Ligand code: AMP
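Only one chain is given next, in structure tokens, and it is the form predicted alone.
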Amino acid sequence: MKSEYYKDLKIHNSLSGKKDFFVPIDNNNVGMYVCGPTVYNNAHLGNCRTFISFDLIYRYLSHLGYKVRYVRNLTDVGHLENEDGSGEDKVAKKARLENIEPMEIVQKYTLDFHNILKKLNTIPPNIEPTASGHIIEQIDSIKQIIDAGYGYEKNGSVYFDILKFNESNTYGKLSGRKIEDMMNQSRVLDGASDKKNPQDFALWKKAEKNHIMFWNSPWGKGFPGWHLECTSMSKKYLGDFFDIHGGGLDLKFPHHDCEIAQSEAIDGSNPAKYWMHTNMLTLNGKKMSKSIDNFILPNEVFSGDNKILSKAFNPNVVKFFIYQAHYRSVLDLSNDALLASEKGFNKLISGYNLISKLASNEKKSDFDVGLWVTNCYSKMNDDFNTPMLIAEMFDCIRFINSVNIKSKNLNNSDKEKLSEVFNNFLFNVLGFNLEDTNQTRNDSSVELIKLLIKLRNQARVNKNFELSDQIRNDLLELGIKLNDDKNDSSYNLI
């Protein structure tokens, strides 16, 4: 059964350039394809932002009552080093450098990718196909593109003819790039390539003698092009036209533009109704990238074993940090940002834990819970606006703390509703995991605060006002405000 809020969901569609109401192709069923990693190295935290964001989207669509088929591929062949489709296969190169088989590289880094996403408490996709496992489908796609007149073979490789395609179609629908500008910016190849034009991209690449990963095809031994795999696998598992196609902003061109061109060449239609793109995660104000040695791996954040951060940070805190910016906004990772996120996350969870301990009655509450719930959904329905949702949750936390401190009224049914909605958003939608060891440390922190208050009370009795003030001020720096009465002190998080 779908939630009453499902009709209000809007998604920023990269194809239209605006927020569109989300209306699935098949009423209650949603097909979502997300471009997964090329498994030739450890995924850095910037890569993980995309998959955390789409995990949230998957969770929220499911929460609204949709049955979602979530497909996320693994690229294990065909992704060459350079944007123009030249250079060495990334997996094969890594295998050569580590002196092991390419599929050993694939297995090693696929396991690492899965372990990281498990620590971040993301839900695995319903289907996770690999490029090497769908060679037959990709060969079939190439045949259809050639038959349509948009593919050509040269010396054992097959290329997509962009200029021919552009005669009756438009290449660059997502990125907005014009073929004329691309031609002016392209270098002259002087016969160094088999391509008719520098803009053409490979559908199938001939395997040279020293290339390990290759398959038989009508054009000889070779391997599929990177762009082709997503077209073939999305069609296989979601059909020719599905609801959502997602990935990082860096995939908009050329990868997704090429996917659209391939799909239109095969069956005349754009493969997805909504195209969604996550923005990048920067590190200390610079692009996070291994090529410029400015990156941090998730396990380095979780363990504290790095030269960038002052301490270890729990996966919950990392997710909370990511959710404090909209998925389409640039987000900068720094030590101060993670420290602030840790403080905010602990405050949020402490407030949630306090709900069950609040006294309740039948009187009218001083807080309009119904309006608050509507506001929470309206923020998520505004293109999955997690920072605004978190702001709404903190507004409620302030009320919860005031009920605890000043004994304001909380109606029984309101208390139940607060607990239910908080539980849904914290765990079912945002995907936090309080079974983690950090929550044990958080519970211990409560006891430590109580111990410091006890020591401070004793200092006040002994008229050691210097120590008393120091404890109060140090706690305030940590976001813990003490409220003194004659003989004792209570506290609340600010």
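Please read all numbers here as calculations on a predicted model, not as lab measurements. The numbering used is simple: start at 1 and walk along the sequence shown.
Although not depicted, the form predicted together with the ligand is the subject of the following passage.
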Practice task
Please name which of the stretches 421 to 429, 462 to 470, 59 to 67, 39 to 47 has residues with heavy atoms lying within 4.5 Å of the ligand in the predicted bound form.
Solution key: 39 to 47
Exercise for the section: May I ask you to state whether Lys154 is within 4.5 Å of the ligand in the predicted bound form, using heavy atom distances? Expected result: no
Problem - Close approach of Lys196 to the ligand in the predicted bound form, 4.5 Å, heavy atom - result: no
Practice task
Consider Ile390 of the chain shown here, and say whether it contacts the ligand in the predicted bound form, taking contact as heavy atoms within 4.5 Å.
Solution key: no
Exercise for the section: Mark Lys93 yes when one of its heavy atoms lies within 4.5 Å of a heavy atom of the ligand in the predicted bound form, and no otherwise. Expected result: no
Problem - Answer option from Pro125, Gly344, Gly248, Gly172, heavy atom within 4.5 Å of the ligand in the predicted bound form - result: Gly248
Exercise for the section: Select from the listed residues Met280, Leu80, Ile146, Ile266 the one whose heavy atoms reach within 4.5 Å of the ligand in the predicted bound form. Expected result: Met280
Practice task
Taking only heavy atoms into account, state which residues of 286 to 303 are within 4.5 Å of the ligand in the predicted bound form, ordered by sequence.
Solution key: Lys287, Met288
